[in-house]
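Just one chain is shown here, as structure tokens, and it is the form predicted alone.
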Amino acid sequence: MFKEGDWALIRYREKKYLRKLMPKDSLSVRREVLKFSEVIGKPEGVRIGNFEVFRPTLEDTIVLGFERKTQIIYPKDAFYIAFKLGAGRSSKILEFGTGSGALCAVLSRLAGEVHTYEVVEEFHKLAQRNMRRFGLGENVKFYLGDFLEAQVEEGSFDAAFVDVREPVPYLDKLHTSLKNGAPVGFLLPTTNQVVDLLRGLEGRFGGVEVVEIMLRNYKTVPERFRPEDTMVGHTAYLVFARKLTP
């Protein structure tokens, strides 16, 4: 049952809204009004008029609820990244930079422990605020600063993900920080950045892969089933590799 203060995903036809259920609040769409007092106490998946109310998934929370001042890593990429990093309850994962915390939230949900570094104080605080707002990130350690200057023991991490403009200067320290054979991922928006990284990985990391994930949504109206008129195309290149033992 929905309780006062719960977050709810509200769908009105093709539109989605993330709202906190407070008794005096409501949502108005196209002159139709959903009073949240009518939702509280009702089961998940309730339909009231043309409104459908569900418990939000982590994807809903990130896409609709996270405040962002940087481009987030889209869920289509984030969940694949977590899969490639082998995130599990016994995993200790390194991330830098944190940004708005979207990927960090996904890694936090799946891994045992996440250590994330961000050099911009505004983003560092924003990521923590996003996490706290939705009750996420209890297993995350946030660091304000450059990972290059961090004190990290050799072989500390089971996996790592890097989202910085120039990752090559970090490769030596990254290599030292990972366990033997550990997976690492990188996000890069342009081809020239990928080429520079591929050259830098040689000799230190193996099993290299470069992928681009495309996601195409379709209209769900039976009478006019077809692709959506717009789609998110290229977001970034994803590079994955494994640490080679010296």
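Quick caveat, the model's predicted, so the values are computed rather than measured. Heads up: residue numbers just count along the shown sequence, starting at 1.
Separately, the form predicted together with ligand SAM exists; it is not shown, and the next lines address it.
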Would Leu94, Asp158 and Leu174 all count as contacting ligand SAM in the predicted bound form, using a 4.5 Å heavy atom cut-off? no
In the predicted bound form, does Tyr80 come within 4.5 Å of ligand SAM, counting heavy atoms only? no
In the predicted bound form, does Phe134 come within 4.5 Å of ligand SAM, counting heavy atoms only? no
Considering only heavy atoms, tell me if Ile72 and ligand SAM come within 4.5 Å of each other in the predicted bound form. yes
So, in the predicted bound form, is Leu85 in contact with ligand SAM at a 4.5 angstroms heavy atom limit? no
In the predicted bound form, which of the listed residues (Leu110, Val168, Val152, Val119) lies with a heavy atom within 4.5 Å of ligand SAM? Val119
Look at the stretches 64-72, 196-204, 42-50, 209-217 and give the one with heavy atoms within 4.5 Å of ligand SAM in the predicted bound form. 64-72
Within 4.5 Å of ligand SAM in the predicted bound form, which residues of 159-188 have a heavy atom? Give them in sequence order, or say none. Asp163, Val164, Tyr170
